[in-house]
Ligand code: PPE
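Below you'll find only one chain, the form predicted on its own, shown as structure tokens.
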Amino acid sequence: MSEAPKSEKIWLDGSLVDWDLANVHVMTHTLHYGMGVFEGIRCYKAQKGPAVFRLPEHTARLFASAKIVGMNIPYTQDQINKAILDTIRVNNLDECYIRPIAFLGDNRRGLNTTGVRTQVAVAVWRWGTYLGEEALAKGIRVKVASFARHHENVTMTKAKVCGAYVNSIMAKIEAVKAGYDEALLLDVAGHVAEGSGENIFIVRNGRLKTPPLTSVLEGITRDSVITIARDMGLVVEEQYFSRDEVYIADEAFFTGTAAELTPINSLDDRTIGQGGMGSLTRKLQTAYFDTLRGRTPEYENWLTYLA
């Protein structure tokens, strides 16, 4: 495994500090109990210059996650937006992955978080396609996980909470150890939920179908793809479906900031459709990347340019 990428500076509690000096104490509350919230965002080299994709929506979700779990972020959304843009600029990056995180400090102990200070950091680094460049073209092999997606009254599934991702990590490791690229988690009722870090879509009879937002994260890429698809005149249905409906789907794909729009060519060793990239998936993937690169005027408002 290659060394994790890094850049020069990280924004930490209002100041830009050297990457290697952006440290926290071993007694940091979030390290012990997992109470923290974060976001994954991308900046792309668009036609008019580097631009962050749907920055306000990501920051709003960060604050919504904090509200859900009872954390108070000591900055405004505008201040976090500025911190993100400043961090990209100071690192001289034209494309990057962006990780804002709000976490609890080390000034108190125990499960009662009253009085524990909230700290905020923003890190940026160059990061290619999460599941690999080849995956974008040829698709990936997926396995249904033995671990269920959290029930909506267990960890509040609308919040992107640090500790909740232990569930995803276990599913991902299980899939990779078994020789697959990614995991697909079911909800506690046995319906298809999402990947370890992605939303899922299937195509049947020319219609797109994706699980409702009951037990899955409100993916911003998911929302973008639904908007693009409906603007194309495609039918998009948000409804529950079972794993065997994925087996017999014509096409399937994952969406997410890290995974972007990645085809699924098989689930549990059942080839989906003809395998590889289906025609509708290709059409949506092309439209999505055109949007990220600023080649689609109607979605220009989704881009926040650095300059």
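As the structure is a computational prediction, the values presented were derived from the model and not from experiment. All residue numbers are counted from 1 along the displayed sequence.
In what follows, reference is made to the form predicted together with the named molecule, a form of this protein that is not presented.
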{"property": "Listed residue that, although the named molecule is not shown, lies within 4.5 Å of it in the predicted bound form (heavy atoms), from Gly273, Pro50, Gly256, Gly36", "result": "Gly256"}
{"property": "Contacting member of Val192, Leu104, Ile220, Cys96, with respect to the named molecule in the predicted bound form [4.5 Å, heavy atom]", "result": "Ile220"}
{"property": "Triplet Lys45, Phe289 and Gly294 all within 4.5 Å of the named molecule in the predicted bound form via a heavy atom", "result": "no"}
{"property": "Proximity of Pro211 to the named molecule in the predicted bound form, heavy atoms at 4.5 Å", "result": "no"}
{"property": "Contact flag, Lys160 vs the named molecule in the predicted bound form, heavy atom cut 4.5 Å", "result": "yes"}
{"property": "Residue contact check: Thr118 to the named molecule in the predicted bound form, 4.5 Å heavy atom", "result": "no"}
{"property": "Exercise: Pro56 in contact with the named molecule in the predicted bound form, heavy atom 4.5 Å", "result": "no"}
{"property": "Contact segment among 110 to 118, 87 to 95, 71 to 79, 195 to 203, judged by heavy atoms lying within 4.5 Å of the named molecule in the predicted bound form", "result": "195 to 203"}
